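Given next, in structure tokens, is a single chain: the form predicted on its own.
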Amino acid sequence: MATPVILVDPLPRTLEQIMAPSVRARLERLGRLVISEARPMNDDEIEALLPHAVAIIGQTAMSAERLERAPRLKAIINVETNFLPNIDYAACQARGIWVLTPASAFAAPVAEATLGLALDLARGISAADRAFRAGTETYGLEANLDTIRFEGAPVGIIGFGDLGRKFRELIRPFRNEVRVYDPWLPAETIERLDCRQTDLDELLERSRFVVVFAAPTTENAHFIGAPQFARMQKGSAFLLMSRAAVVDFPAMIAAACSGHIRVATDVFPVEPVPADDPMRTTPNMVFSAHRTGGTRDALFEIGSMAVADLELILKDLSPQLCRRADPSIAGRLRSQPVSRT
């Protein structure tokens, strides 16, 4: 039998970025790698490889017609970490092709950064630093008139996937009452992690800290807008940690500008943000340049998870680490592809 081919089309990632040398060596033992990293693999090359490919690592478009021309294909592993609308997920499921993503590799670093941003919004850490550098600092109680405590404060989590659950576990020592809004989950899943299932309005009204981890879908574009921000308690904190598309960004900036809420965001409608964007001078906001998940160890975890599961699949065993695409959900996701960095 011909040597199995593994099509590697990983942009915006590269193998060097996501795989330690030892992990890449494991991958190379699984078959002949055909790699395109300087550019997305072209259609002619893909078509020539399909009859021999046992796996695809990357974001290659795979229609039902292409899948028919790939009789040996067992796995597609999306290392960009979003399920993109360029794969026929139902056809993959019918064929028994695993479509996976190691997205949970980002959960721990994003949760950690979210906690840091929440504490910053609560205690005014970066604002105090700026004031000190400008020589306008105040001391003692006067410096804390607008601060709040994170410990014991009610927290609302919107979107309770890998990121939301990891954040919930991380904040346990702070003894927060945690409400969750996620219409794709049953109450039992939420309550097992000591949270309360609630509707969006109650979460916004009752939470001192609101954290958004929701993924963008065909149904929830800009679902948090001016009416939702108006429901939040004055002086409460809003953290946007998933994708900009789920929030009405101008309404969020206006709510921060007015002083009604304080905001932290790691994502933006256009990235990189133009240097002259007036958002940069918005008061009551803390900015992070879409960097909370992309730590070196998290990126290496992507490669490690992908290779470990591919080793199992090529032994006709089930993957254990990556998340499998559910056609009923993957077809509704609308994450903007990450930029090449």
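For every residue, the number given is its place in the sequence shown, counted from 1. This structure is a prediction, so every number in the text was calculated from the model and none was measured.
Heads up, the form predicted in complex with another copy of the chain isn't pictured, but that's what we're talking about next.
For the options Ala221, Ala254, Leu185, Ala230, the one in contact with another copy of the chain in the predicted bound form, meaning a heavy atom within 4.5 Å, is Leu185. Although another copy of the chain is omitted here, in the predicted bound form none of Asp44, Pro71 and Thr198 has a heavy atom within 4.5 Å of it. Just one listed stretch, out of 222-230, 96-104, 198-206, 79-87, contacts another copy of the chain in the predicted bound form at the 4.5 Å heavy atom level, and that stretch is 96-104. None of the heavy atoms of Thr60 is located within 4.5 Å of another copy of the chain in the predicted bound form.
In the predicted bound form, Glu177 stays away from another copy of the chain, with no heavy atom inside 4.5 Å. Proximity of Asp326 to another copy of the chain in the predicted bound form falls within the 4.5 Å heavy atom cutoff.
Within 4.5 Å of any heavy atom of another copy of the chain in the predicted bound form lies no heavy atom of Asp248.
Within 4.5 angstroms of another copy of the chain in the predicted bound form, the stretch 129-168 places a non-hydrogen atom from each of Asp129, Arg130, Phe132, Arg133, Gly135, Glu137, Thr138, Tyr139, Gly140, Leu141, Ala143, Asn144, Thr147, Ile148, Arg149, Phe150, Glu151, Arg165, Lys166, taken in sequence order.
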